[in-house]
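As a starting point, one isolated chain is supplied in structure tokens, in the form predicted on its own.
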């Protein structure tokens, strides 16, 4: 996928690189979309693990949100093909299976819980504990990641022209939900 693009993946190319014949791959995956689903699930697990590792040493509060955002940006830039599959729609008609999507929804729930915790701690206003706040945060992150991947894909994290703005983007989000600011 890194070489041909996410949508350029084919059963014959996978089989060729594995040293098997195309029909043999169907013993393991009933369709190309099943391959994409397995890759989607792998991506969700990889990103979730990166975020968990980043959050583990952090005390409760805004620093955990910051660490999670940085971990996701870092993971996406290090796993660009999987990130595209997770956060874009590069494959026509592909939708993750309910099981794969449930893991993704669980990770979004964990992010929402971090926002709720910051609200309970008085670090963010009540409106930050909402689906809209989580959507806004993901919009900021995905925009930053998309710009980095589209304009300077090999720069990496944190040196890239866009990736280095992660804290600035997050600061704008946090300022929007400051406890003293009216929503």
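From a predicted model like this one, the values you see are computed outputs, not experimental measurements. Positions refer to the first chain, counted from 1.
Not on display, but discussed next: the form predicted in complex with the DNA.
Asks: Residue-level contact is defined here as any heavy atom of the residue lying within 4.5 Å of the DNA in the model of the complex; does residue 165 satisfy this criterion?
Replies: Because no heavy atom of residue 165 falls inside 4.5 Å of the DNA in the model of the complex, the answer is no.
Asks: Is there a non-hydrogen atom of residue 20 within 4.5 angstroms of a non-hydrogen atom of the DNA in the model of the complex?
Replies: Judged by the heavy-atom cut-off of 4.5 Å, residue 20 is in contact with the DNA in the model of the complex.
Asks: Against the DNA in the model of the complex, would residue 174 count as a contact residue? Criterion: heavy atoms within 4.5 Å.
Replies: Residue-level check for residue 174: no, no contact with the DNA.
Asks: I'd like to know if residue 38 sits close to the DNA in the model of the complex, meaning any non-hydrogen atom pair within 4.5 angstroms.
Replies: No, residue 38 is distant from the partner.
Asks: Is it true that 12, 16 and 24, all three, sit within 4.5 Å of the DNA in the model of the complex, judged by heavy atoms?
Replies: Affirmative, all three are within 4.5 Å.
Asks: Name the residue from 140, 32, 58, 116 that puts a heavy atom within 4.5 Å of the DNA in the model of the complex.
Replies: If I apply the 4.5 Å criterion carefully, the residue I get is 32.
Asks: Partner absent here, but in the model of the complex, which of 125-133, 24-32, 64-72, 46-54 has residues with a heavy atom within 4.5 Å of the DNA?
Replies: Only one stretch qualifies here: 24-32.
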